[in-house]
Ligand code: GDR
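Given as structure tokens, the chain that follows is alone and in the form predicted alone.
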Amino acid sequence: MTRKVLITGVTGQDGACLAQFLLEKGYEVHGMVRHSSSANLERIEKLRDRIELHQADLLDQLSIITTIQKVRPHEVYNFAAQSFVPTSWSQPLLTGEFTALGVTRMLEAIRLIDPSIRFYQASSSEMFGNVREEPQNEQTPFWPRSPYGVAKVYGHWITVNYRESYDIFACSGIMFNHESPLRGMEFVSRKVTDAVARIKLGLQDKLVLGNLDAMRDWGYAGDYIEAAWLMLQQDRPDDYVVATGIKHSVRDLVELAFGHAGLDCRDHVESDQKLFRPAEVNTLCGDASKARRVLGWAPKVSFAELIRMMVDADLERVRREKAARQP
């Protein structure tokens, strides 16, 4: 029997990567999208004839119930959220509604309709925040430093609670930073690689960033969604850190990206204190030994390969855009 999957946030980076991954595995793929007068389907445009989309909203319990009743999926992956950390300070209540209570609405719908559905929650390394130990593993205490991180902690623990209360096969993947050419322009990795392409092609001169000394554990989104899938294929549900175990500074990312394009970042990059977070997360580095041991998972794409991949993709895209504008 063909397995059916429902992906929330299917138009985002992780949702689009997972949709492609599961189509290749023979799944029947359904995606949940919010109603919008100008839906952004760019990331799944090449998959549109192979994915069935359903309008529903993490803020609306009835629409979630209706969608799950209609699809009757075997697996649900919850990637939908207000996921840009800086926005969570300007929209803390909305972030809580989507990123915290939205998880509860998904789990409650599964409990009511079919508790045998397997559920994946996209937890985040931002939950560790002001880290208590390094590297961080599944037992490291959380100390979130943003409304986003706080909301993710709620989403994580409500997933654990439904697993323990209702015997639902619910897993949380504590994913550290993961990127790809599909990453949104507002995220620092893509902000850098897009700027590199524009500066290289003469369309931009400067790039202004916040804290260049912040350290992160960056991996490739394509590797990380495989880990999410592996979690739902196990005999018992559990939570896993997904990370490379290697950290780099934002400065490292900038130097690598500009260097790959033959540019000197010192000529183009500035740091502005106004772009620093109200409460900084200075360092994050994950210990994914449990995922390696239980899931047999390991990252395949290195940090350098990832950044070069993103720069090359943005150079190609910006060249096309520039050529299209020329008479």
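The first residue of the shown sequence is 1; numbering continues from there. Since we're looking at a predicted model, the values are computed, not measured.
Below: the form predicted in complex with the named molecule, not depicted.
Colleague: Taking Asn137, Lys247 and Ser289 as a possible spot, do all three reach the named molecule in the model of the complex with a heavy atom inside 4.5 Å?
Modeller: No, the candidate spot makes no contact with the named molecule.
Colleague: Which is the contacting stretch out of 173 to 181, 197 to 205, 108 to 116, 230 to 238, given heavy atoms within 4.5 Å of the named molecule in the model of the complex?
Modeller: In short, 173 to 181.
Colleague: Could you work out which of Asn161, Asn211, Asn130, Gln91 is the residue within 4.5 angstroms of the named molecule in the model of the complex, going by heavy atoms?
Modeller: Looking at Asn161, Asn211, Asn130, Gln91 one by one, just Asn211 meets the 4.5 Å heavy-atom criterion.
Colleague: Just to be sure I understand the contacts: of Val29, Val269, Ile44, Val281, which is the one whose heavy atoms reach within 4.5 angstroms of the named molecule in the model of the complex?
Modeller: It is Val281 that has a heavy atom within 4.5 Å of the partner.
Colleague: Is there a heavy atom of Phe187 lying 4.5 Å or less from a heavy atom of the named molecule in the model of the complex?
Modeller: Yes.
Colleague: With heavy atoms only and a cut-off of 4.5 Å, decide whether Leu275 touches the named molecule in the model of the complex.
Modeller: Judged by the heavy-atom cut-off of 4.5 Å, Leu275 is in contact with the named molecule in the model of the complex.
Colleague: Taking the shortest heavy atom distance, is Thr95 within 4.5 Å of the named molecule in the model of the complex?
Modeller: Close contact is absent here: in the model of the complex, Thr95 is far from the named molecule, nothing within 4.5 Å, heavy atoms only.
Colleague: Find out whether any non-hydrogen atom of Lys191 is located within 4.5 angstroms of the named molecule in the model of the complex, and reply yes or no.
Modeller: Contact with the named molecule, yes.
Colleague: Within 112 to 131, which residues come within 4.5 Å of the named molecule in the model of the complex, counting heavy atoms only?
Modeller: Heavy-atom contacts to the named molecule in the model of the complex: Ser124, Ser125, Glu126.
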